[in-house]
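Just the one chain here, the form predicted on its own, laid out as structure tokens.
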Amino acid sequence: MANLATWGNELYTGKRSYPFVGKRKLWFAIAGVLVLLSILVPVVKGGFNLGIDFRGGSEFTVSSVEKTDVTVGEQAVLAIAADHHPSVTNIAPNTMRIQTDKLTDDQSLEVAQALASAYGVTASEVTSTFVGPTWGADVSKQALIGLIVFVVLVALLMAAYFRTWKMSLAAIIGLLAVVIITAGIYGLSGFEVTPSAVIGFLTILSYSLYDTVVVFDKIRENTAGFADQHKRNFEELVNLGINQTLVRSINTSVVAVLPVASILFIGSYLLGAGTLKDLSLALFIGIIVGTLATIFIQAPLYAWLRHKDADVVAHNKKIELVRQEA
């Protein structure tokens, strides 16, 4: 604990410093490759693994079951429709949800009977319905509109708050990278994209923005009146701000990730709650990616956007002269 406190103090005073800004070309290259892969991988794989709400299909709910074994439901469906890929989830105590591709009316009746027999319940305990793709399409449309409105409002608010559009631009670019990379991980892993996952994607934006504002606030504090001091140049002041908030970013991320991880690994995998899994999975990936983006993309990007400003260039020359004369 003492070493951790010493490490944090050294980062804050500048005694210890990691070159986040100095190695920005490396971070930007890595981020660029990840964004490119996040776009190409889903295309090469034929698209995302969309849930039944987006592609349509048949859904069965079996109540009052004694054993919540997903294999029982899968085998019951495959015995009737071998070319379908059922998704079986324990959504509540003694309740199973089975989703498949669209079945014919006869197949639906046969599957309902097979599920009742497999789980040892009466036919009245099995309900079936057809889920059309319209609802999922509406959710996607509303989510896209919400994303556009959110980005525009955030861009304007940050530009007004920090009194510079370059901080706002750096934040928005990093924010978009977080969403694309998180979606790319979904495409690469084959995780199912459901309306809950879409809600999780949108929630990520708020957390990522919060972390960015904390770091940018420290950078603004460090760079205010930077031309009046001759100890550090502009990039070094930005880098100092990142290092000074590094411990806080890590602590905040850990605190945020722990409850989400609990929901993901205990609530979903042990209890089988599908909606919780979809939501917490998007949050779990997004919180980690968002924290890394603030440190390695957004703050260094802001320094790069300012590096050709006349006042920054003039100050850099003064710093070089001071150091040569020292």
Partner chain sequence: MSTTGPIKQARKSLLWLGVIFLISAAILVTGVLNGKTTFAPKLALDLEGGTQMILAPRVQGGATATQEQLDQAVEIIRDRVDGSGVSEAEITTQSGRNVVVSMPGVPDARTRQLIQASANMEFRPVIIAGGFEAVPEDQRTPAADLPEPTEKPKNASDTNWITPELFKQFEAYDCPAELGKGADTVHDPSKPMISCEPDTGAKYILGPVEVPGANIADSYSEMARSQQGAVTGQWAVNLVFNEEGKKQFADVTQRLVSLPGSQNQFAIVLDGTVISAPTTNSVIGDGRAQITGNFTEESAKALADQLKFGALPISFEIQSDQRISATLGADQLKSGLIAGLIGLILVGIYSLFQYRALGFVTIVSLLVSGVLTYMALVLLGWSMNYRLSLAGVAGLIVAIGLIADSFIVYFERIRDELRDGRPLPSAVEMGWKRAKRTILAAKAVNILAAVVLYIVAVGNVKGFAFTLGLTAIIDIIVVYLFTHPVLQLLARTKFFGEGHRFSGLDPSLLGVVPLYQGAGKIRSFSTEADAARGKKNASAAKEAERRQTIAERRQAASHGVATKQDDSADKDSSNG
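Residue numbers count along the first chain shown, from 1. For clarity, every value in this text was computed on a predicted model and none was experimentally measured. Between two forms, the rigid core is defined as the largest C-alpha subset superposing within 1.5 Å.
There is another form of this protein, the form predicted in complex with the partner chain, and it is not shown here; the text below is about that form.
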Want to guess which of 204-212, 164-172, 72-80, 184-192 is within 4.5 Å of the partner chain in the model of the complex, heavy atoms only?
204-212
Does the 4.5 Å heavy atom contact test between residue 217 and the partner chain in the model of the complex come out positive?
yes
I'd like to know whether residue 308 contacts the partner chain in the model of the complex, with contact meaning heavy atoms within 4.5 angstroms.
no
Is residue 101 close to the partner chain in the model of the complex, meaning a heavy atom pair under 4.5 Å apart or at it?
no
Heavy atom to heavy atom, is residue 84 within 4.5 Å of the partner chain in the model of the complex?
no
Determine the residues of 172-189 with a heavy atom within 4.5 Å of the partner chain in the model of the complex and present them in sequence order; the list may be empty.
none
Rigid core superposed, CA of residue 228 - does it shift 2 Å or more between the shown form and the other one?
no
After fitting the core, residue 113 CA displacement of 2 Å or more between the shown form and the other one:
yes
For residue 126, state whether the C-alpha moves by 2 Å or more between the shown form and the other one after rigid core superposition.
yes
Pin down for me whether the residue 48-residue 92 Cα distance shrinks or grows in the model of the complex relative to this form (closer or farther, change of 3 Å or more).
closer
